[in-house]
Each structure stands twice: as C-alpha cells, then as structure tokens.
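Before any questions on how it binds or moves, here is one chain, the form predicted on its own, in structure tokens.
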Amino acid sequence: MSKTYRSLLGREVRAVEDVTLDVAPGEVLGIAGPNGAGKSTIISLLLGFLKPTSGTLSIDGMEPRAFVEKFGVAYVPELMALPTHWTTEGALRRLAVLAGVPTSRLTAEVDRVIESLAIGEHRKKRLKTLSKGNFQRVGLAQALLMETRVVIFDEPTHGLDPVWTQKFREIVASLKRADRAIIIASHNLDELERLTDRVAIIDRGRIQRVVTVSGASVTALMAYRVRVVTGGDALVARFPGSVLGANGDLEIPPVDVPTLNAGLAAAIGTGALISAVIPRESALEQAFHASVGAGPS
C-alpha cells in the first residue's frame, strides 16, 4: 500500500510507500516514528479519510470507509477539534448520537464514560475552560461510548499527567479482547512497550521493522545502569569495561541477560548491595534508534 500527494507545484510527495502490515484481532499494535514519518497518513487511510494511491487496505475484508460506516471505529485524535462553547456533557451527548448510541441508552452511556474518566466535576464546564489534560480525557471518553471492533489512538497520552497516563494503561487493558484490534500511534516508546504486543517502526513512509515487545530476548545485548549501595569494586571486577560513578551508579556495557545475572549474583555473594538495575535503553528503543538512524541522547 502506498499514498502519494501532489504539492501545489506539482511535485509528488510519497507519504507512505510499500507498507505491508497485518493487525490480528486481539492484538495491540503500536506505530512509532519521527515527525513526518507517515503515521498520521496511515491512520487517515485506516479511517477511510484517504484512499491508497496504489495497493489495497481492508478491515475484515471491507474497504475502511465502508467498515467505519457500518460498524464504527473508536478513534482518539492527537488534537480534538470541537466547538469550545460546548459543555463537556453536551459534547459527549452530541458525539454519542454521531456514534450511533440508541436514544434509550444515550444518557446512561454518557454518564458511564464521564464516571470512567472521572470528569464529573467538569460536566457543565465549557470545553474552552478545560486544561489540556482534561480535554484529552474528554477525547478518551468519547471513544468509549460504543463497543467497536477497532480502536485507534493517536498520541493518546498527550497532555495527561502521570496519574492519568497510568489510568490510560488500565483503559487499554480493559479494552483488550479476542475480537478487537487496537492501534496506538505514539512518540512515547516507553508507553508503547508497556501497552502493545508489536510495534511497527516507520520512517520516511516505509516500515523499517516490526518489533515484538511482549517478550524480551535473553540473548539481546543491552547496557545497564546499576544503583550500588555497597560493593561497587566487586561489581566492576565482574563486568569488564564497566565504570563506577561518583554517585554510586555503575555503568555496565552491553551484555546479555545470563551474563548480567551471573555477574550480579557473584557480586552480591561477596556482600555487594544493589538497589536498582535499569536498562540504558529498552529493546524497543534500540530497534527504533537503529531503524531511524538516530542514536540515543
């Protein structure tokens, strides 16, 4: 599947090129990439706002727009665009009608999502008075108004504080089911690693690689930072090339998991005390930086 735009000067711009990807029912798929990589175009194609220039795209055997019109898709855009003079409740009631919520259930469903997102105190407030985080919670609430088989989030934690970022993880966990596909586009690699089964890394319109994040490989080489309480010298002796900082943190060069565990166990056996072991980069971060050609900061 490819999507090409034509600029005002007639120049072709390939936003998405030769993308091949399947999303299975029951799966949570992440899409990661730098700005301008093609993530937004892929989402627009999935929602049927755009059609591919070449190739095909289908949801359960149907063209995306036909699927959306028949079954609906829950969608949270990065930036909600709603009339700001609407109240929170008024916006959700209007969006519930557009989502096809039956009149007999409309009030109950709006009440349910207001309670679920804890925005009851903002119920009668105009949208223009809400903070960025609370406005984002309204966006999440509208996506939960109807049961759908496809859920698409675009930068869903944008503007959320740490408490509601954690709550969003719980929402995604509650949405997972065998017949539902969930797609999350985000710059936040840590969130994608926590929430998804696989992550498609896209750059310059092409999928560079697809990373399975639901399980870690014990043979992968990763660098670690170890918080040392006592016994730093014993740890340095176990990991050639490691450096013990003045603050007590030990920087361990890339090792596999068995080597890491053996070295830590040996040092602990001689009396070393360790308070934390922190990967310098996750497997997903390593794959991302390798794919887009940018090293860690």
Partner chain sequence: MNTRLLRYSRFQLPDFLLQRLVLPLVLLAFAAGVPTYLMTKNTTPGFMQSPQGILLAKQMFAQAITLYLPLGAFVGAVGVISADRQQGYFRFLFSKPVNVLAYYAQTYVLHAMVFVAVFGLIVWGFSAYTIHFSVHRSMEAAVLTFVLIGGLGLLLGALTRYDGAGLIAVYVLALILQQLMAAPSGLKNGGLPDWLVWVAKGLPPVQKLDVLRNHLYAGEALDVAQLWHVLGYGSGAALLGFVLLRRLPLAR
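Just so it is clear, the structure is predicted and the values come from calculations on it, not from any experiment. Numbering follows the first chain given and starts at 1.
Omitted here: the form predicted in complex with the partner chain. The next part is about that form.
The putative spot formed by Ala220, Tyr224 and Leu250 is not touched by the partner chain in the predicted complex; no residue has a non-hydrogen atom within 4.5 angstroms of it. Only one of 179-187, 161-169, 192-200, 77-85 lies within 4.5 Å of the partner chain in the predicted complex by heavy atoms, and it is 77-85. Residue-level contacts in the predicted complex: of Leu57, Val68, Leu264, Ala234, one residue has a heavy atom within 4.5 Å of the partner chain, and it is Val68.
Proximity to the partner chain in the predicted complex, taken as a non-hydrogen atom within 4.5 angstroms, holds for one residue of Met146, Val113, Val213, Leu130, which is Met146. Using a 4.5 Å cutoff between non-hydrogen atoms, Leu175 does not count as a contact of the partner chain in the predicted complex. Using a 4.5 angstroms limit between non-hydrogen atoms, Ser44 touches the partner chain in the predicted complex. In the predicted complex, the partner chain lies within 4.5 Å of some heavy atom of Leu50.
The closest non-hydrogen atom of Thr157 lies beyond 4.5 Å of the partner chain in the predicted complex.
Looking at 80-108, the residues that come within 4.5 Å of the partner chain in the predicted complex, counting any heavy atom, are Met80, Ala81, Leu82, Pro83, His85, Trp86, Arg93, Arg94, Leu95, Val97, Leu98, Ala99, Gly100, Val101, Pro102, Thr103, Leu106.
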